[in-house]
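One chain follows as structure tokens, the form predicted alone.
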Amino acid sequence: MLDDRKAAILSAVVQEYISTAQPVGSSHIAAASGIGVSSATVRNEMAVLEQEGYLAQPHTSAGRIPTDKGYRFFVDHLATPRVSVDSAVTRQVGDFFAAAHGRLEEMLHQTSDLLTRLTNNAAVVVGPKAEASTIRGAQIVRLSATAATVVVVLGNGTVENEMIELDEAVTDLAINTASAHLASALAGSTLAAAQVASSGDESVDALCVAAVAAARGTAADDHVYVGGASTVAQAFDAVEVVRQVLHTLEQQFVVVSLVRDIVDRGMSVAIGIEHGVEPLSACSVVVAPVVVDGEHLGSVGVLGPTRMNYPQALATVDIVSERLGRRLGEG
């Protein structure tokens, strides 16, 4: 633990570096509100903080910048926990979800854009798996002599559709009969637990089995939306870092695993290499679970440089996750 003076100086350095992205000098910190000591004293304390791993000096004549350890201490001990976002942001989030209607996929995509606008970081939104949602309706629609599409409408607003192959001998009557049988059997169930009893017609039953298998396959995928990748890229000067960050954000499996792992570890902030994804070692991630009726159905988060504005990111992610959970609960 740091004494009060070192903690105050570290806090001032972190906040100044977040604001300016420039190494912070002792004279600037000495003039900051609440420090109350000379520049020489600040310089000595900053040297101690550097020795203890909280600060680093990129160049001999430069000021100091926070290390990942310094950011961690700031987040855990110095940042105002869950500070309230200003009224304009609260109103913007409220207006967004009040107007959010239509397909779930579109709302989740727009939510990622909202987070990017509010935080100037990349945003990640992981929606609920479709296989756990209640089925409102199902239909099989012929597309050609040898192909049909299975359409399943879910209670969370998702519309799943998947192609199935048809034997040329399958008649329109068989498709229509299978479609009606499927809709009746699946209504109120979930894709994970769906059971379709025999209709007594082998061709109809085969169509229903193929339809359920196809719907389950597409519904098992995570709904993940990443917005603002170009925004976060602008935070880095090194071309190689930008390349690594953009390449990693394109890999949905990595992004979902990253967010899920942080939430499962009970963390709300992972700084630098704490999240375990080496190409994103220059980044921090702030996440919050989306909870509906006590069940964790998804997650929202932002990813940005380690010098991100943590209090703002924490507060914004919290309010967006809470409002998204409320919206999902409304159906």
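Throughout, we count residues from 1 along the sequence that is shown. Every value quoted in this text rests on a predicted model; they were computed, and no experiment measured them.
Only in words, not in the display: the form predicted in complex with the DNA, which the text now covers.
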property	result
Heavy atom within 4.5 Å of the DNA in the model of the complex - the one residue of Ser299, Ser268, Ser26, Thr67 that qualifies	Ser26
Contact assignment for the DNA in the model of the complex, among Ala62, Ala32, Ile273, Val292, heavy atom within 4.5 Å	Ala62
Stretch in contact in the model of the complex with the DNA, which is absent here, among 42 to 50, 259 to 267, 301 to 309, 280 to 288 (heavy atoms within 4.5 Å)	42 to 50
is_contact(Arg5, the DNA) in the model of the complex, heavy atom dist at most 4.5 Å	yes
